[in-house]
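Heads up, the chain below is alone and in the form predicted on its own; it's given as structure tokens.
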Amino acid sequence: MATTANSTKKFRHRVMSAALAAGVALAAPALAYADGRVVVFSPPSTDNYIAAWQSGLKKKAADLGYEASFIETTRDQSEQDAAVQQELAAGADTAGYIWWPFINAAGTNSLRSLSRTGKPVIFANQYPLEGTESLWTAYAGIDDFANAKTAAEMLLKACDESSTVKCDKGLIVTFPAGFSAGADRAKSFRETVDGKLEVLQEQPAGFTSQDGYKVGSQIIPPVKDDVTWVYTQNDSLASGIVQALTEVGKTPGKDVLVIGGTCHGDTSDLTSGHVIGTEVQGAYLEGWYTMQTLHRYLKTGVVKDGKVYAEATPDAPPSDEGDISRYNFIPSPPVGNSKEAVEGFRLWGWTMDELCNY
């Protein structure tokens, strides 16, 4: 009897995945998923961003009546793959999975294994790879392409308005090699500045200010007389770049324009003018929204084709009711480099300090 029920679930999931790939809005399945345990695979919470993401997800899960079970591994995709197989072999029941791979492409086989369980799989944080559409139910998180486009547009505007920097040549400092969110952002940034700014070098670094400083202190000195702008994929990296620029006699914000991709940690470089602007990608908010996305699917069983961008309202978060879309993006609004802009910011009832300082 159990075998027949599992086979029915898997068949339904395959039909649903095929329909989603074809762009069809689906009605709720006859067999509803019950509230209960949600299994979350993610990189390690020793990273402050991931810790905040987990915190937001856990809080929303508890509020909605779920138990979030986090299975985190080091930044080694083979270790995460082993954790997936171990969890599946244990046979414990779950309402659904949330999947945040470290190396997106290398984790596809694990994603396929999760899909075969017949339970919904919410892809988190990194844009799913083309060709994997049948393996996941929906995506919830940041739009890295839109994020980088906004950062590039902020930089171009600052270049036009600057009386001290003749913007031409610059650097891109990215997340680690293999982390697809970094590759997506770099691609979108390059496309937006193409024909307007020259990229001298694109260099993978990491996520922290120490990573930014380590890379910056290596790549900036040889081009210190040429570099006029630097794009970093988060503000923590930007802080390291600011330090590296200062050490070679450059004044960030005056001699070189630094744009941060998303807020991460201390906002002092932003409010001091060393960084010209940022975007609010709240880790807590992203985890919160990812859990809400899974919950809404479990209630309706419907996934609409296309993309939806949650509204960047200052006070009201999105409703727990209603259908989800294939791609569900959190807002990532830009913020200028003034104390007034930072202190006056609100998103879904949270301040910039609450969303960015972790």
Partner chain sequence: MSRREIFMDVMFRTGLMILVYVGFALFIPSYYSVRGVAALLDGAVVIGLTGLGIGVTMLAAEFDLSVGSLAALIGVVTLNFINGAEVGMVTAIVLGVVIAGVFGAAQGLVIAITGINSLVFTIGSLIGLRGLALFMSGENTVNIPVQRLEETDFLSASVLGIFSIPSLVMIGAFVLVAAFLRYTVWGKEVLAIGGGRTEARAAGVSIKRAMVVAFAISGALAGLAGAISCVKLGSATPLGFDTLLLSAVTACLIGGIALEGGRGTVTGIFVGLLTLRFLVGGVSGLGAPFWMQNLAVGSLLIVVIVAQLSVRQLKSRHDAPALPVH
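Positions refer to the first chain, counted from 1. All values derive from a computational prediction rather than experimental measurement.
The same protein also exists as the form predicted in complex with the partner chain; that form is not shown, yet it is the one meant from here on.
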Options 78 to 86, 247 to 255, 147 to 155, 279 to 287; stretch whose heavy atom lies within 4.5 Å of the partner chain in the predicted bound form: 78 to 86
Heavy atom within 4.5 Å of the partner chain in the predicted bound form - the one residue of K224, K169, R112, K119 that qualifies: R112
Listed residue that, although the partner chain is not shown, lies within 4.5 Å of it in the predicted bound form (heavy atoms), from V199, A95, L129, V165: L129
F70 within 4.5 Å of the partner chain in the predicted bound form, heavy atoms: yes
is_contact(P44, the partner chain) in the predicted bound form, heavy atom dist at most 4.5 Å: yes
Distance check, T192 to the partner chain in the predicted bound form, heavy atom within 4.5 Å: no
Residue contact check: T228 to the partner chain in the predicted bound form, 4.5 Å heavy atom: no
